[in-house]
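One chain comes next, on its own, written out as structure tokens in the form predicted alone.
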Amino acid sequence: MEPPIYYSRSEFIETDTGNKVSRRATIAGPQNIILGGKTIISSGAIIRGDLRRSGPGHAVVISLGRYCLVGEGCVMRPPYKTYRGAFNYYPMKVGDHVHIGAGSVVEAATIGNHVEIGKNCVIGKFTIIKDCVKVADNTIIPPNTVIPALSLFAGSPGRFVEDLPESTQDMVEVHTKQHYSRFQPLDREH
């Protein structure tokens, strides 16, 4: 097992369901964001739950599953388009066991389960990422791309590189759970 990743208890807010959210993250429109539990939102991350369809009431803008990691300086914002002259945002749904590397910008429509997105990636508007996908560091995925399950994408623009093994689901699940358990407060309360 890899060594713990220590964080300052004063910097992170921990929710009842085990989400750990950095006070240095910007969570805009929190009433429109759902975190599934045991999800870590890192310092400098920006999640734009305030960008939502016009209209009354609450709307889920961004939902993240369990054991997700939003890396440092990531930006997550819902995709938008103008349809029949009306500008609108559309919801973003992220599955379980999804790690998004530092500095990446995500405007996907859907990200499946067991997905690893590298550092400094751009995931274009309305991209659909299926289950068990890996996006290499510094990859630019063009808008409206559909990434099939068990595939590795890399490059600019991002292209299919190779099929991933069937064991990807189990490996990613172990990795995300270990990362969460390694994420420990430095200053233990006495």
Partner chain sequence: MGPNVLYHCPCLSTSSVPPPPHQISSSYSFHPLHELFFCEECDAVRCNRCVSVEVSGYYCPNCLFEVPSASVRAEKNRCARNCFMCPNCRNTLSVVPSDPPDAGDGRLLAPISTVGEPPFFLYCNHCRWDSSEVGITFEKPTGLAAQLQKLEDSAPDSLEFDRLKEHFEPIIRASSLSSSSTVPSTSHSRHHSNPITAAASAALARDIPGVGKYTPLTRSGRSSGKDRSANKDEMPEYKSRLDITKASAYGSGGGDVDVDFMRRLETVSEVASLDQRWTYSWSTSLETRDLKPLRIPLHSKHSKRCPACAHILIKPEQKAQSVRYKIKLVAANYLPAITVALPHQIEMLGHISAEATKRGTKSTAEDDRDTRGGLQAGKTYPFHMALTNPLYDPIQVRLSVQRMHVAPSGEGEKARRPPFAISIPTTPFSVAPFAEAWEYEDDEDMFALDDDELEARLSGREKEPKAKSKTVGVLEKRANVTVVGGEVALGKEARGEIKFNMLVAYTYRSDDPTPSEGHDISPSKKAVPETKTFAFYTVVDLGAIIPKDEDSRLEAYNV
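Because the structure is a prediction, the values reported are computed rather than measured. Numbering follows the first chain given and starts at 1.
One more form of this protein should be noted, the form predicted together with its partner chain, which is absent from this view; the next part is about it.
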query	finding
Contacting member of Leu150, Ala28, Ala136, Ile34, with respect to its partner chain in the predicted complex [4.5 Å, heavy atom]	Leu150
Its partner chain contact at Lys81 in the predicted complex, heavy atom, 4.5 Å	yes
4.5 Å heavy atom contact, Arg53 to its partner chain in the predicted complex	no
Close approach of Lys38 to its partner chain in the predicted complex, 4.5 Å, heavy atom	yes
Touches its partner chain in the predicted complex: Ala45 (any heavy atom, 4.5 Å)	no
Its partner chain in the predicted complex reached by all of Ile5, Gln169 and Lys177, non-hydrogen atom within 4.5 Å	yes
Residues within stretch 153-167 having a non-hydrogen atom within 4.5 Å of its partner chain in the predicted complex	Ser156, Pro157, Arg159, Phe160, Asp163, Pro165, Glu166, Ser167
